[in-house]
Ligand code: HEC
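Given next, in structure tokens, is a single chain: the form predicted on its own.
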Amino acid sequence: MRTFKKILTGGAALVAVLAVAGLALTHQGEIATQASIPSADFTPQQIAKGKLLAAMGDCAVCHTAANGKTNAGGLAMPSPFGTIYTSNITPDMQTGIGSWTYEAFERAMRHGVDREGQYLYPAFPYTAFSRVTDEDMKDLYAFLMSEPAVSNEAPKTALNFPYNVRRGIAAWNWLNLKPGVVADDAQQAPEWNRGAYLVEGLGHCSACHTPRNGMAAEKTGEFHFAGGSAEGWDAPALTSKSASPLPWTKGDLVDYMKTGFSERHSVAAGPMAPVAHGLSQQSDADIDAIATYLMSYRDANAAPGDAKALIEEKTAKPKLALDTEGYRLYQGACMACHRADPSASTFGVRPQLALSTSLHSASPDNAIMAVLEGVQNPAHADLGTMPAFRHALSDAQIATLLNTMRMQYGVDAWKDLPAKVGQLRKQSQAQH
């Protein structure tokens, strides 16, 4: 009995020692506030460059709630661990980051720890932002601190145990955070290296376009850019694994980033639309560099294919009886804008659905979301909008419409589609 008590006492003491050590190792001190923003230290050139960097990093995309003020926070971001609310990053002294020194800002961006010493959830992509140069980081700080201050107390994130124990993120960081500026590859051209810096750093493309493991960390190696998810939408693979009927060329990527639309593929929708808007503000040289880098993840020898011939092949003859429900739904909801003859379009762009990656993907999520949500906020106004059919079509009708189109384009029907439509309808409705 005495031996057992000694073991129990010793075990308890060991646990206590480890707990104290863990608290000590994960402690992050508070960084003192600044009484005023050092505006005199910022040059117009810094602020202008920082504005472009903020657009590249999509700051406003995540830090602006629906119908809210730009960067004032409060956007609800669903995650497997609960809902995370984004913070106010305007220079308001009480509710924003106006009291943050550059040191505090840099720590949050590179190490995922806020001014008060609290660990940030990796929904904030500091794993990518940690790879940004000092110069760009300072320019970004200058821009954000020069923007209008907005007083807005964003909702606090309150996850359930154990995810509410933020110090546990220190272990996640130890496994997944690799600080350090994106290094040049001596074997690659300057354009490729510039693209790598933009994509892997502020662009944080992999945050959405790479699948994640059970710890919500990006998978590595062959999984890099192999496809992920964002806000209920699929983020397609940026590699040769893409389900696109036609291979993406460098020209396709450049067009898509500059305009939000590629005639050989489709239009930016869902969470990609504001990203495309931010990309379009970058210089031609940087867009070209990004395309160069991303193309290195694709088969450079793949034939581009003939878009016109492919459309004719897939739409020349009906694959089902003309009076089938799916065709009737297509005629009523889609044909006026998406018919194979684009001359019927009256305004904006009208993607050819026979070329749509969403309709050829193994996952139906993007096709469903496009029908439910439409395109209400396009990357650019001249692209036009698409109405939402959430209230016009039932789950069964959307499933019939989409699977009819799949069969018309020579792809097998998705299984259990009405249930999937219902699931995404509920999920997306909760976000409105």
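Residue indices: 1-based, along the sequence shown. The structure displayed is predicted, hence computed values, not measured ones.
Keep in mind that the form predicted in complex with heme C (HEC) is missing from the display, and what follows is about it.
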item	value
Candidate stretches 172 to 180, 105 to 113, 185 to 193, 312 to 320 - the one whose heavy atoms come within 4.5 Å of heme C (HEC) in the predicted bound form	105 to 113
4.5 Å heavy atom contact, P271 to heme C (HEC) in the predicted bound form	yes
Interface membership of Y197, heme C (HEC) in the predicted bound form, 4.5 Å heavy atom rule	no
Contact test in the predicted bound form: M405 vs heme C (HEC), heavy atoms, 4.5 Å	yes
G68 within 4.5 Å of heme C (HEC) in the predicted bound form, heavy atoms	no
Candidate from M56, A399, I37, I31 lying within 4.5 Å of heme C (HEC) in the predicted bound form - any heavy atom	M56
Listed residue that, although heme C (HEC) is not shown, lies within 4.5 Å of it in the predicted bound form (heavy atoms), from G73, G227, P91, P125	P125
Residues in 237 to 271 close to heme C (HEC) in the predicted bound form, defined by a heavy atom within 4.5 Å, in order	L238, S242, S244, W248, L253, Y256, M257, S266, V267, A268, A269, P271
